[in-house]
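Shown here is one chain on its own, the form predicted on its own, set out as structure tokens.
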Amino acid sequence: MSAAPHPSPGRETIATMNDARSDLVIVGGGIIGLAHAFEAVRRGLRVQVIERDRRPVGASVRNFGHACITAQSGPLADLAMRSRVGWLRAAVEAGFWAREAGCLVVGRSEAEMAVLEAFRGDRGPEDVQVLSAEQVRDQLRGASTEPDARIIGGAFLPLDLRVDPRTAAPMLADWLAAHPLVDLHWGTNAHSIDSGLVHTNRGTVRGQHVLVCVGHDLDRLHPADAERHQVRRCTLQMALVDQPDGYQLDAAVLTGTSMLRYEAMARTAPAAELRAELTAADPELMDMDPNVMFTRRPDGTMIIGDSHHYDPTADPFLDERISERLLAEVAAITGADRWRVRQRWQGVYAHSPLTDLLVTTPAPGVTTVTVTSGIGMTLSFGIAARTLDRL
């Protein structure tokens, strides 16, 4: 896509949206839309971002802040590696916290270790470093806590990244809002889209191309595409707690349930045996469709989760039984005897049983981009670079 000439680098106001023109109009100010805006301005394109809320409040701030690079497979693995480069570049430009902290996967059974060994065989010993029980415990140990005695080993994934989900997208949005090639229109709701036109509650925005990056709200603007690909809302139960005393690990921590959710581990031959083992041992937990994992934020709090429930319309009510069970699972791993819970919330993202990444063209010059597998943070910048390559 070539950049159109710009008569002036000056910024537009909401009052003059009817006159605003750009190379690219992005509908959606979450991490997918913001990553596309970041990639576009790197290529010298004039961009307008339309976002109905006043700041990022959706999946982009409700997640673990874990870019799970290593556990992607097939074409998604290439996108994840490209995204890794984009995340690190954006962190430098926008100044948000990001760490090449990797990921620790905890093994507490022979079946879990078999999955990790097979995973290492697929990805190689540099990308998947199998650890002893003591090496895992050393990373999890706090000043007054002793990790789970059932730990028999694990793996370290050095390519994985960590960001703070509460600050990464907002700080990237602030950086974009100050950029001379970007107009970011908060509090502006897009209600219909035509070729080169986005009709909003504040006027019509014109652009050479329109990207729709609205996640699980795809059905609000393009219901036929959402229905055709069976897009639903996946809701998660998550919590923010104070970290155990002395806990310092910035790496994300995954467990056996995580091995069944991330494709590169879930597709290994031993994964079927692991699923059967976990289901037989704890059917109540497995009924929650869990990914028991946790991450530490730079302020010393920890994000704990999560369960999964799928429905076209999200039920707003949290189940305390699920929240307490997830907290108990993480307490067992870390050795924490109690938590101070600061917040609980419902995460939400788009899900399709048919695809992990949905890209459609509902009209000439209009592209929808929806991550439908809960790995939007991981893939965001890689998807953006590929999208811009193809325009």
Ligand SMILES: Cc1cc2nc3c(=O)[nH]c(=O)nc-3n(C[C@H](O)[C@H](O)[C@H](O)COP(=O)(O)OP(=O)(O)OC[C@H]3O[C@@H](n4cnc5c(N)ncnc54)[C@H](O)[C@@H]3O)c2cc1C
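All residue numbers are counted from 1 along the displayed sequence. All of these numbers come straight from a predicted model, not from anything done at the bench.
Missing here is the form predicted in complex with the named molecule; even so, the following discussion is about that form.
Proximity of Val85, Gln248 and Arg296 to the named molecule in the model of the complex is absent: no residue of the three has a non-hydrogen atom within 4.5 angstroms. The stretch that touches the named molecule in the model of the complex, counting heavy atoms within 4.5 Å, is 347 to 355, out of 347 to 355, 38 to 46, 360 to 368, 322 to 330. Taking a 4.5 Å heavy atom cutoff to the named molecule in the model of the complex, the contact residue among Leu278, Ala114, Met238, Ile151 is Met238. The closest heavy atom approach of Gly382 to the named molecule in the model of the complex falls outside 4.5 Å.
Within 4.5 Å of some heavy atom of the named molecule in the model of the complex lies at least one heavy atom of Thr378. At a distance threshold of 4.5 angstroms between non-hydrogen atoms, Thr70 is out of contact with the named molecule in the model of the complex.
The named molecule in the model of the complex comes within 4.5 Å of no heavy atom belonging to Gly256. Taking the named molecule as it sits in the model of the complex, the stretch 63 to 78 comes within 4.5 angstroms of it through a non-hydrogen atom at Asn63, Phe64, Gly65, His66.
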